[in-house]
Structure formats: C-alpha cells, structure tokens
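Listed next as structure tokens is one chain, alone, in the form predicted on its own.
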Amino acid sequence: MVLATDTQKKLAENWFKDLRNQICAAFEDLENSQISGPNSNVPPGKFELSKTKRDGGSGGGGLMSILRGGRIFEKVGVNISTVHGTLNPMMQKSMATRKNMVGIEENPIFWASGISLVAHMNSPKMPAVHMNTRMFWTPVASWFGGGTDLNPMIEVPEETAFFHDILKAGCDKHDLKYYPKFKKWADEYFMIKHWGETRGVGGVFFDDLNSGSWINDFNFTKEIGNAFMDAFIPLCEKNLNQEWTDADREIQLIKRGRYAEFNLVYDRGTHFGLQSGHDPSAVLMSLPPIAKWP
C-alpha cells in the first residue's frame, strides 16, 4: 500500500476547490440561460457561500455553496471540505474491517478531503443528480473514492444512455475494466434495500482506489469530476423549456422521498460526516427542499 504524501494531499485538496469553482460557475451560467419557458420570470439563482467547521472549530472544515429557488435549481449544494482528527471508536471498528486497514486501531488518525454535490431541480423533466469525489488518508492506508449517479423523476431512456456513455468514455481512458466494475458497484450501492429498488438509473461508484500509482488514481478521480459536467449539463440544456404538470410534480416529490430515505439510512458519506463531527447543515445539504411520502 502506497501512502499519499503531504504534497499529494494538498494537490487533491486544491483540485476539489477548482472543481467546485467550475461547477458553480457552470450552474450559474445555466440559471442565466433560462430566458423563456418555466420559471424564466424569476431572478436567476446565485450560490450563497458559508464556512463549515468540525468539532466546534477544530479538525478542519470546508465551504458550503448553496443555490435555492432559482430558475432551474430548486436546491443545489456544492460542498468542499478538508477534515482531520481521530476516528471515534465506532469508526475505528468499522475501518478495521476494511481492506488494508490492519492496525488502524493502534493509531486511529485520519485526513480526508473532497467535494460533494447534490442537485434537486424545479422541473420534474430534469433529473436530480449526485456527484462526489474524495481522498482519504490514514497511517496504514490512503485511497480515492466517489462517483456520480443520475436520478430522473421520469426516466427518458436516451438521456440515461447519454449519461452512461459519457461516464464509460471517461473510465475507458484509464482502464477498460473500470466502467463495468464501477457501474455494477453503483447499481449495488444505490439500492434502497427496504423497497427493493434503485435510487435512480445509476452511474459509477468506486472506493478504496489505490492502484499503487497515486497520480494515476488522482487523474482518474479528476476524470470523474470532468465527466460529470459533460454528462449532466447537456441534459439540463436539453430540457430548459419543457413544461410539466401537477401529476409530474407529484411523481417528483415521491421520488425525492425515496432519495431522502437512501441518504439517511444507507449513504456512507452521510454517516461519516455525522459520526466525524462535521457541520450537520453541510452533511445534510443533500436532502431535498420538499418531498412527499405516499
């Protein structure tokens, strides 16, 4: 197991910041581009920034970027954070069961940096989406993880195919085994087990990525961030002017309820954020602004 250096950790942290800036700028451009059709009469949304802290100010923190009530986005959060400290006993026990984590309980310190994004759209004709990439370091192992998945309210098969085609092309640049492996992982991970249904139409998900070449793994992680933008933004542009009905909105709100259930019950990032003492307003930014249960 090759451990990342401090220099490499800083490079990863800076990339997550750069990606956040690119995404926020692109999403605000989308808001400004909505000049006709639904919601074009409201002001274009802009991100509001606020700092987040861990453990009352110790152990790092991050920056939460939230856009609410826009023309296109009902709520979107693009958060970055870099945190460090000591794993609590519950997390130590969980980590000790993972691959290459033997000895973590003897020196349970950690460092983690990443970006997390969830977008809930005004229009039921536009899919919700999630993306995150992160780097995690401990004295016994370090790795990258993350992924992206599409969550349409009303699935359009050609849009699903487009999203997956972009992700596959990005994965194939690095390893032809990545897309089938990480697509399968996403299908299994984004499963709402108590309902026996997937959260959306999938994407890619990976974790514990340490191939022995830090730069290769870092470049792949960057590829996922770039592929997300290439896969999602055209779907927004395609559906800018589509009208929707009250029945469409009802479907959207029920789907959002399922999304909230997954994030609260199963999502690793939510569990880690809350257990590690990070700002709960940042951890729970993924929840939709309005949802419904039948």
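Only a predicted model underlies this, so the values are computations on that prediction, with no experimental measurement involved. In this text, residue numbers run from 1 along the sequence as written.
This protein has a second form, the form predicted together with another copy of the chain, left out of what is shown; the following refers to that one.
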task = Name the stretch, out of 225-233, 261-269, 45-53, 27-35, where some heavy atom lies within 4.5 Å of another copy of the chain in the model of the complex.
result = 261-269
query = Though another copy of the chain is not shown, can you say which of 130, 125, 199, 75 has a heavy atom within 4.5 Å of it in the model of the complex?
reply = 75
ask   = Is there a heavy atom of residue 3 lying 4.5 Å or less from a heavy atom of another copy of the chain in the model of the complex?
value = no
query = Is there a heavy atom of residue 177 lying 4.5 Å or less from a heavy atom of another copy of the chain in the model of the complex?
reply = no
task = Could you confirm whether residue 11 comes within 4.5 Å of another copy of the chain in the model of the complex, counting heavy atoms only?
result = no
task = May I ask you to check whether residue 281 falls inside a 4.5 Å heavy atom distance of another copy of the chain in the model of the complex?
result = yes
ask   = Using a 4.5 Å cut-off on heavy atoms, which residues of 275-294 contact another copy of the chain in the model of the complex?
value = 280, 281, 284, 287, 288, 289, 290, 291, 292, 293, 294
